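Presented below, as structure tokens, is a lone chain in the form predicted on its own.
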């Protein structure tokens, strides 16, 4: 029976700016997204009984329609009914390595892997652009997760412009297992507190979103200036999440005091990452944080930036 094993990398935000409101209720965003080596493994195969079945090694990951990976498979059955009738359903097994509810696009990258996997299983021959278009109907991060690497994301996050690769830069990533931050809460609270600063008219929204292309962070990325990239990290959601979640703020402060090049919360949190100048420094910082916070609930990872999204495992 045909099957594929796919590697589905997590992502962090190097930059997240909230520009204003959109007519669809989402926020207009300007972000720089970055894939990292920390990844889930997705095994996908044709299902002999048909239908869609999801399995996972993590107890917090649902196996029904509340899982975006399930929804990705369901979307493909709807969009390509002839292929579905010919090949049948799929079994999806998720080997979870990316922390759950961490602001690292763990669910989105699983969904991206399912889209890629079914495209292969059903011999659909879809382009990356076509897969990204499908992914955008599932969630804002899914299109990026398909191709990965380094990219500017505008709109609600689904409009992508690739940037030069930043692979090989080491980071330390920290997340409390039991701590979750609601993404809708974070954006809603930001709107309540800071909507007076939003750009209002359509032309100004587009101009401000376009401005990130010539901004300091993009220049630093183009020159692969790691120190400058670390200094230009920016996340508007820190303004609401850090005051409400002291453990996240503490992680950020400990990283900053450890002498890293730069540190920031990723997305809506609660993950915090620190950019280091080498693997050796990253491992030293990991040990240092572990000594300061001897809490088994705290997960710490040393990983690096990578230049790809979903890949077939070799």
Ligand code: C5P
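Positions refer to the first chain, counted from 1. Model, not experiment: these values are computed from the prediction.
The form predicted together with the named molecule is left out here; the points below concern that form.
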Subject >> Which of 119-127, 228-236, 135-143, 204-212 lines the interface with the named molecule in the predicted bound form (heavy atom within 4.5 Å) >> reply: 135-143
**OP:** Indicate whether the named molecule has at least one heavy atom within 4.5 Å of a heavy atom of residue 87 in the predicted bound form.
**Re:** no
Original post:
Taking 4.5 angstroms as the cut-off for heavy atoms, does residue 96 touch the named molecule in the predicted bound form?
Top reply: no
Original post:
Taking the shortest heavy atom distance, is residue 55 within 4.5 Å of the named molecule in the predicted bound form?
Top reply: no
**OP:** May I ask you to state whether residue 195 is within 4.5 Å of the named molecule in the predicted bound form, using heavy atom distances?
**Re:** no
Original post:
Exactly one of 38, 29, 285, 32 has a non-hydrogen atom within 4.5 Å of the named molecule in the predicted bound form; which residue is it?
Top reply: 29
Original post:
Which residue among 161, 183, 178, 222 has a heavy atom within 4.5 angstroms of the named molecule in the predicted bound form?
Top reply: 183
